[in-house]
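Listed next as structure tokens is one chain, alone, in the form predicted on its own.
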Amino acid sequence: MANKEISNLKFALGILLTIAGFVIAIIVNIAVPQVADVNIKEYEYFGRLYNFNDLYRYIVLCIIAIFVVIGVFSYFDEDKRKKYVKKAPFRFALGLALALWDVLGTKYLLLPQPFFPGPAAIVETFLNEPAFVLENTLYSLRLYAAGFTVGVIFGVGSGILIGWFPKVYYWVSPILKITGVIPAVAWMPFALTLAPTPFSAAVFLMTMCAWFPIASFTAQGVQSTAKVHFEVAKTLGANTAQLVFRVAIPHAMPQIFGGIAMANGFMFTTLVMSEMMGQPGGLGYYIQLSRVWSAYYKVFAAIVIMAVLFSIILAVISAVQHRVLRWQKGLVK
């Protein structure tokens, strides 16, 4: 009983510590006067006027609410509860860093301007042109979804063929090794020239950068399947298709997800670079457009959106991986 009370006390302190840092950030934004001469614009939404400080405080409040909800759900799982409490000091420090950044970048403008705007100035982007930001964000998501889908299908499919058939390995493996060391951006001139549209060119580049890690990891997973597993399956009457889809591929699943996780970062980088060098839209295009006009607060806003999107994508992939590989729980670290 005493251990449970101590655990509950630590969890409550973790919640309070998490909230405290961001509450300090809000208090600092309200209490510290705007010393630097900054033109604070007001925007009308839903019949009310908002400035960048208002939106900044609302966003910080949303962050607090998100962490509280995560904490509530983690309370019912011992492992998640421990992880939540362990990361509470980092979240507290994050709130303090946000407050310091607000003072230096917004209230006093002590950071080099316009290259390092404060957080309130960055969120003004969402008041200034929310429709344009949303349009470019959706374009990036659509392009990423197409590139990720094609890259995973092509990488896993070719990896299975390379790992299962010796003749395919003989002919395709050298090509895979050669193309694997070539950066995807090196193919950009050919992609933009030969592809019918900039969108398909970007999908091709993302597929190329994903092919090497996914196909290599998949092939290694298939090839590393123990022969005894195939022998047992054959004894039970399994045919070739069943050996591939019910023995080799399930065994290779950890390696397949490892390849996808590695390729995901490459694909996201290629996505942004292709948008900056030839796409009619997307967050990379938005960054390039904002940089030309020296609107660096918009550049930072796009970077923040990218970070959030990439974190969500990683969380989704991790959730799918844990679901598919749930049989590993208790067997691996």
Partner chain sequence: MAELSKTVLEIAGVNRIYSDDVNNTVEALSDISLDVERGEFVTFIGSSGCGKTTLLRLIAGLDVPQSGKLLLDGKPIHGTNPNRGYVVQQGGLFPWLDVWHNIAYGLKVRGLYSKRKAEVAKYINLIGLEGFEKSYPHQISGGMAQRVAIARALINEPELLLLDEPMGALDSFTRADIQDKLLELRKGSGATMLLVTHDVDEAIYLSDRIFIMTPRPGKIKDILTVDFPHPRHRGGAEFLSLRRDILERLELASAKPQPEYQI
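In this text the structure is predicted, and so the values were computed from the model without any measurement. Positions refer to the first chain, counted from 1.
Not on display, but discussed next: the form predicted together with the partner chain.
Participant: Does the partner chain, in the predicted complex, lie within 4.5 angstroms of each residue among 135, 137 and 317, using heavy atoms as the measure?
Facilitator: Checked in the predicted complex: no contact with the partner chain for any of the three.
Participant: With the partner chain left out here, work out from 114-122, 227-235, 79-87, 195-203 which stretch has heavy atoms within 4.5 Å of it in the predicted complex.
Facilitator: The contacting stretch here is 227-235.
Participant: With the partner chain left out of view, which of 74, 242, 220, 173 would have a heavy atom within 4.5 Å of it in the predicted complex?
Facilitator: Of 74, 242, 220, 173, the residue with a heavy atom within 4.5 Å of the partner chain in the predicted complex is 242.
Participant: Can residue 191 be called a contact residue for the partner chain in the predicted complex at 4.5 Å between heavy atoms?
Facilitator: No.
Participant: Is residue 328 a contact residue for the partner chain in the predicted complex, using a 4.5 Å heavy atom cut-off?
Facilitator: Flag for residue 328 set to yes.
Participant: Indicate whether residue 152 is a 4.5 Å heavy atom neighbour of the partner chain in the predicted complex.
Facilitator: No, residue 152 is distant from the partner.
Participant: Against the partner chain in the predicted complex, would residue 258 count as a contact residue? Criterion: heavy atoms within 4.5 Å.
Facilitator: It does not: once the partner chain is placed as it appears in the predicted complex, residue 258 has no heavy atom within 4.5 Å of it.
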